[in-house]
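Next up: a single chain in structure tokens, the form predicted on its own.
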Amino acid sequence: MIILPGPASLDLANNIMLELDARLVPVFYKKFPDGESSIRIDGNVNDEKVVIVQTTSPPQDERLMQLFLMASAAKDQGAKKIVAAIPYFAYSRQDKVFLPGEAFSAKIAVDILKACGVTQIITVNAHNPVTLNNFSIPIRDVSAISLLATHFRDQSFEDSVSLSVGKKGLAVAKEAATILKGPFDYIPTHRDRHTGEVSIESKPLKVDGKVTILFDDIISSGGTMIKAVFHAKKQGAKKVYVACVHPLLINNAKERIMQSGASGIVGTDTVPSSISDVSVAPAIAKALTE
């Protein structure tokens, strides 16, 4: 097995290589003055199983193009199998057509990857994993929630309350609670399909005097998480911590969440950031060996 480190995930690729004791082949990357990307695989991958590790967080279009180029180059060199490990899969939140005339962006991205030679995709905490079964190539979605929960457990946060942001994420809170050995629940949300605005719906929570951890798959602008932190604090939570898989943290999201009353924020390295304290390398490596 050969690991190809994408420009956006060099450290993660190296960690996956160490987990698997695999061989890493460098990828030469440069950007032309007009902004176009140039990719060259600096080694032989003929007749090999190749794993391309490349997150597609902002700038999404650039990083997707780099991924397409790496996959196509590996295909042209005769790679036997090409697995795209995409920790954060851009455009996957558009997992269906909501309004007439909308482009099905997740399907389009998968179709291009298939055309470039990708035979399997591994991603982490996709927005709606169920829809992944409907695409043209196999997609394996792995969860980093247990890794985040273990991080808190190791810091003596056992018996804390695990909350998901939204009822659809209740399984996330339950997964965390199995490790933290405490109760779990969800904060109900409602998203306007036209504006995308998310509101918090009123619901009593058993968090009074408790340390509470809010788990979510992604934090972009932080608007929803700010409302969730405020909601938990208003109901008496002793301390509120935030844990997310994909810390996009657009603009000053981290600072705004802390100002809303959060005692700390922890994310994973699916998106390299100042809070990426938990690596998803063990989860991706496990998926690659199964």
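Residue numbers run from 1 along the displayed sequence. All figures in this text were calculated on a predicted structure; none of them were measured in a lab.
Another form exists, predicted together with a small molecule; not displayed. Remarks below refer to it.
Flag this candidate site as yes only if 185, 210 and 233 all have a heavy atom within 4.5 Å of the small molecule in the predicted complex; otherwise mark no.
Looking in the predicted complex, the three residues 185, 210 and 233 all stay beyond 4.5 Å of the small molecule (heavy atoms).
Please name which of the stretches 78-86, 102-110, 176-184, 211-219 has residues with heavy atoms lying within 4.5 Å of the small molecule in the predicted complex.
Flagged stretch: 211-219.
Does the small molecule come within 4.5 Å of any heavy atom of residue 127 in the predicted complex?
Residue 127 belongs to the contact set for the small molecule.
Within 4.5 Å, heavy atoms only: does residue 93 come near the small molecule in the predicted complex?
Result yes; residue 93 sits at the interface with the small molecule in the predicted complex.
Please tell me whether any heavy atom belonging to residue 264 falls inside 4.5 Å of a heavy atom of the small molecule, as the geometry stands in the predicted complex.
The answer is no: residue 264 has no heavy atom within 4.5 Å of the small molecule.
Does at least one non-hydrogen atom of residue 224 fall within 4.5 angstroms of the small molecule in the predicted complex?
Yes, contact at 4.5 Å.
Would you kindly say which of 190, 206, 203, 168 lies with a heavy atom within 4.5 Å of the small molecule in the predicted complex?
Partner contact (heavy atom, 4.5 Å) among the options: 168.
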